[in-house]
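One chain follows as structure tokens, the form predicted alone.
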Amino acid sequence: MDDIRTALAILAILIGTGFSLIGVIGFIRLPDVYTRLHATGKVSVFGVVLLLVAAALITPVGAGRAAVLILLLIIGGPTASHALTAAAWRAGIKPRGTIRDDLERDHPREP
């Protein structure tokens, strides 16, 4: 039983690290703030959640803490990304290469 938990923890560490690495590469490679926040907000949160699952599997004493942190990350990560994106739009940062901006049409910026 302990070997299965260890194997699952190692698998979660590898997959979580892979997702985190993809998020970092997306943050570096993508062209503007909006696509960068999309990469980090979605992929990196999932990577950290998998790393917390691995930590909970390795040390079962901290499983409750890991569950609370996972819940907070799942709620707070996308919310923070959305708030940063809305702040960037309100600050006047234009998306790169867009054809239309529905927010500009529905909510024009004040001069």
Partner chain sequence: MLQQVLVVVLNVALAIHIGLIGISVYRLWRGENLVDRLIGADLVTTLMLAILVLIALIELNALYIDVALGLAALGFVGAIALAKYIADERMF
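Positions refer to the first chain, counted from 1. Values in this document were obtained by computation on a predicted structure and should not be read as measured data.
Here the subject shifts to the form predicted in complex with the partner chain, a form of this protein not shown in this document.
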query: Any non-hydrogen atom of residue 17 within 4.5 angstroms of the partner chain in the predicted bound form; finding: yes
query: Residue contact check: residue 99 to the partner chain in the predicted bound form, 4.5 Å heavy atom; finding: no
query: Partner contact for residue 68 in the predicted bound form: the partner chain, 4.5 angstroms, heavy atom; finding: yes
query: Residue 58 within 4.5 Å of the partner chain in the predicted bound form, heavy atoms; finding: yes
query: Interface residues of 15 to 36 toward the partner chain, as seen in the predicted bound form [heavy atoms, 4.5 Å]; finding: 17, 20, 21, 24, 27, 28, 31, 33, 36
